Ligand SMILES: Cc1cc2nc3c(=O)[nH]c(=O)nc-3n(C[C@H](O)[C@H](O)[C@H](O)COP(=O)(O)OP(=O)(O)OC[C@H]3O[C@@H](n4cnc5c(N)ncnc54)[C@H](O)[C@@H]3O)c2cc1C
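The data below hold one chain only, encoded as structure tokens and taken in the form predicted on its own.
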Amino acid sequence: MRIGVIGAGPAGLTAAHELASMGHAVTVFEAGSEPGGLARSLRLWGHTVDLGPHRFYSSDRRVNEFWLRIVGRDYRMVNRRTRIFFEGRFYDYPLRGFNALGNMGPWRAARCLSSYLRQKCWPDGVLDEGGDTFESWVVRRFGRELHEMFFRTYSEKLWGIPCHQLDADFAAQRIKKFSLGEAAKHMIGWRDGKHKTLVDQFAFPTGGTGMVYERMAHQIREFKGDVFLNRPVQRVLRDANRVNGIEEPDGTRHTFDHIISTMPLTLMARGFEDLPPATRAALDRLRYRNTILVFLLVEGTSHFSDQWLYIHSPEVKVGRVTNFRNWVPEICGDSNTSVLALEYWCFDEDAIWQAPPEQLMRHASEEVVRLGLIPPSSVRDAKVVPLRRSYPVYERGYREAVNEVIDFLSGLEGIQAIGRYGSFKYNNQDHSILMGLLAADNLGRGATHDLWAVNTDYETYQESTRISESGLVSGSAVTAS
């Protein structure tokens, strides 16, 4: 079978790797100059850096076994340390009793508890007309006071819309069953298990996250497949209800028996001719959020101990700061320097997206000093990396729009849409790898996995596993999602 794969990110490369290993003729088209997509790594100033913080964690046996086959022993376990910066103070994440109380003070802590209890006893009608929102979901579980402290500002920086316009699906995916009650158990040490978003340790490749996908691309070529870089796809081709190829920007066409697409769902679907009006209208309601990464080379190696910080302070625009010095020693240079990555989120029409690199570098340098994370005059160099369409926006009503597009695509043969971009889901690496594995199953083994369900209602009853320093560790039978 001749299979064309659009995009060399985690999902696309995983599917291509598995299908090529089965003997299928696989061709991967990647618009960028390196494999990995959003999970690729860069070499800057003698350091290896990722495009922001990329941790790998999964409880799915198949995903973990696949990752270990690619990485081998070239990884280290990282003890996660991430904190929230708010009003000039650092809050441990997850919350810890003495740290949280010391930062809040007794009066604010009392207000948070009172707000939570009031919401539990006398709900204030936070379920919005027309359905649940991120704001109403969080307020019900944490109270209004904690929503304002630890959720609103950061979420509005990330998404660019008020929390009452953000769909509750984002909270359901990222916070899940976590609540103030569960946080309190963590704070006083009464909870034995670990919430999935609060894992204390994760595996990280010694060559950066991009090492995983560079190896995948190399192995695909060893399996006689092709991975073409700097080769964007203009559109997907179809004949009636059968997808049969792709077209490059210069008009060159390639015929395939099946297409696996990880290009943005909106771009892929809009490329089809004769789209139904309802599908076109649905696509107009979907949008992605851009990221601007400003990398700073700074003097010194011990500025703060976190792998990354969530910046909830409203007085600065930066939303997250990654310190690559605190990941694994193999990615750091020999010099007495560190590389920080500051993340800014925006839409195409925002002024910051149009700003020249020199202005962004100066602004980022000023903000990181203003936050007190580095001393003044310690920035030696800077580099700006813009990432377009990095986050699908879960705006209220997005689900109905996505379902309309799914209905259209479900009427076509010969195509599967996967990955963060392709499925319009806020995937982690493990979700995208799982999508790639399942897409390969569907084509190579005749399976009928519903790829649209991955990362929402996908469940398997299996033996839970995790990656440890010594390899894969098994646990008891649990439900993994």
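What you are looking at is a predicted structure, and each value in this text was computed from that prediction instead of being measured. Note that residue numbering follows the sequence shown and begins at 1.
Heads up, the form predicted together with this ligand isn't pictured, but that's what we're talking about next.
Give me the residue from M263, L166, L340, V139 that has a heavy atom within 4.5 Å of this ligand in the predicted complex.
It is M263.
By the heavy atom within 4.5 Å rule, which residue out of R144, H303, R320, R396 makes contact with this ligand in the predicted complex?
Of the candidates R144, H303, R320, R396, R320 is the one lying within 4.5 Å of this ligand in the predicted complex.
With the partner left out here, if you bring back this ligand in the predicted complex, are G37, P232 and Y421 all within 4.5 Å of it by some heavy atom?
Yes, because G37, P232 and Y421 each have a heavy atom that approaches this ligand to within 4.5 Å in the predicted complex.
Mark N427 yes when one of its heavy atoms lies within 4.5 Å of a heavy atom of this ligand in the predicted complex, and no otherwise.
Yes, N427 is a contact residue.
Looking at the partner-bound form in the predicted complex, is A31 within 4.5 Å of this ligand by any heavy atom?
Yes, A31 sits close enough to this ligand in the predicted complex that at least one of its heavy atoms falls within 4.5 Å.
Is there any non-hydrogen atom of H47 lying within 4.5 Å of this ligand in the predicted complex?
No - in the predicted complex, heavy atoms of H47 and this ligand never come within 4.5 Å of each other.
Do V63 and this ligand come within 4.5 Å of each other in the predicted complex, heavy atoms counted?
So V63 does not count as contacting this ligand.
If we take heavy atoms and a 4.5 Å cut-off, which stretch out of 329-337, 359-367, 110-118, 232-240 is in contact with this ligand in the predicted complex?
Looking at the other structure, the answer is 232-240.
Does any residue in 1-35 get within 4.5 Å of this ligand in the predicted complex, counting heavy atoms only, and if so which ones?
Counting only heavy atoms within 4.5 Å of this ligand in the predicted complex, the contacting residues of 1-35 are I6, G7, A8, G9, P10, A11, G12, F29, E30, A31, G32.
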